[in-house]
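As structure tokens, the next two blocks hold two forms of the same chain, structure 1 and structure 2.
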Structure 1
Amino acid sequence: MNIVVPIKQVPDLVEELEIDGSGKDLNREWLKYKVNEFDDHALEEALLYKEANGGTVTAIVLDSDGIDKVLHTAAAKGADKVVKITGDFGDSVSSHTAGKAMADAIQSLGFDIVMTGVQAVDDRDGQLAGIIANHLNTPNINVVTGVTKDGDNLVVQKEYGGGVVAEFEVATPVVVGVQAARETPRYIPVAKIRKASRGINIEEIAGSMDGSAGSDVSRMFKPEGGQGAEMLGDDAEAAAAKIIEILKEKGIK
């Protein structure tokens, strides 16, 4: 059983984000990146499944600055194999381009389960799992909170609105979009990551830039603040009179 986990870096939202000169992207010169939270949960769920049932976990990424550290961290956590898809992907890649490149690489690696994060903070559709599944011609289940083994099949827990959770029995191969792992993603000290970086071989696969469909950004801007609220005070009659006055000013009769 080979579980492949696509991982990406996203801007750290703790940092102050600035718009670049084009008005269509972030200024990335000094931008700090971190592993996408949902991908971290996908890796944890894959490791939990491997520890309970055996198999291997392969972490896969698109090439970008500093991405090797992400793979070293995945190896330190327990990934058996780490793969980097090489190519001129740039800092911002659409889900369609990433999904096609990931699917091509995953197909060449061989897989039983693909576990990817259900969404990321820097894309506009949260459809990576579905796009990968489409290219691999496999079933896809999203918003997953647990994957366990039942005979030759998997039992996948899927979360719906209002805290409702359903169980699906599915055969492999399958692609799942992980919302949250059954346990908090494990912490790995820097010393263990450094050790992993010396003992793990990063396999490289040339990637394609196909799959350019999707949406384009026409404008990006920070939320525009309003004028603020007008406090009407504690006097009910005065507040009621003020509300009537405001409504009349707006032409509401």
Structure 2
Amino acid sequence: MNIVVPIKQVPDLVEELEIDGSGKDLNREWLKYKVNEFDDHALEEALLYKEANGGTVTAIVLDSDGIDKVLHTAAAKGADKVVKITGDFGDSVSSHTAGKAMADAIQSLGFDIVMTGVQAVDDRDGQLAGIIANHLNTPNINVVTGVTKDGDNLVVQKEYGGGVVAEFEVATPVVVGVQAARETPRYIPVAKIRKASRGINIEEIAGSMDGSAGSDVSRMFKPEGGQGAEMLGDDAEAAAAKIIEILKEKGIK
């Protein structure tokens, strides 16, 4: 089985997000990026599958600043091959543009399973997995929490609400959007990533640029936030005293 794992970086939400002068995008100058956490789970699930059943894992990304480190990390974790799709995609590339470029590159690489994160925090025009799958003309299952093998087929677990899980059987090729890997994504020390960066060759594929979101952002803004919380400050003792008062008032304590 060849498993291809599309990975992307997203703004780290720990930092304050600012809107730029156009009012239509984030101010990206000082933005810190990190790997989409669900992509991290997708890579983990791919590696778990490979470790149990054999095959290869290929991590694939669209070119952007700092992306080589993402590929080196994937290699250090156990990816056999790492691929960068080159092209001027920009930082706020739409899911449809990214999905088309990914699908074309994945088609040229050959694949049995594509595993990517179920969603990302900036997926304005939808989740990548469904877009890739339809360009590749394969079935697509999302919110996946486990992919295992049963004979020639895959068994895919998909989460519904309330903790209910649906189990599906599918013949490859298939594209899955991973919600959570069966195990917590492995941690790799920096030294190992550095070592991997020396030992692995990043393959480059020129990206197709013909996907389009089909809709435009007219405005970006911070939510007004309903009526908003009454803030009790940052002093733990004072806030705790106030909380006790509130609980007494409401008859909770």
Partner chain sequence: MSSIYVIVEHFKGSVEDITFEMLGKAKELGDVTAVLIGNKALASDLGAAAKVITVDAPELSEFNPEAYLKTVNEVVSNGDADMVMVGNTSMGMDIAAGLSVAQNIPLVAYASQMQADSVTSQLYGGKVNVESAVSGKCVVSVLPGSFPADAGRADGAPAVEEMAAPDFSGVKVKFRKLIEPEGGDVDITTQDVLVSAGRGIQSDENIPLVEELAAKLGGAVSCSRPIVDNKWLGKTRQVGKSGLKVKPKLYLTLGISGAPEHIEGMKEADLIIAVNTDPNAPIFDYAHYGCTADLFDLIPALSSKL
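Only a predicted model underlies this, so the values are computations on that prediction, with no experimental measurement involved. One-based numbering along structure 1's sequence throughout. Rigid core: the largest C-alpha set superposing within 1.5 Å between the two forms.
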{"property": "Selected structure - the one that is the form predicted on its own", "result": "1"}
{"property": "A236: Cα shift of 2 Å or greater between structures 1 and 2 (core-aligned)", "result": "yes"}
{"property": "Core superposition between structures 1 and 2, C-alpha change of E245 at least 2 Å", "result": "yes"}
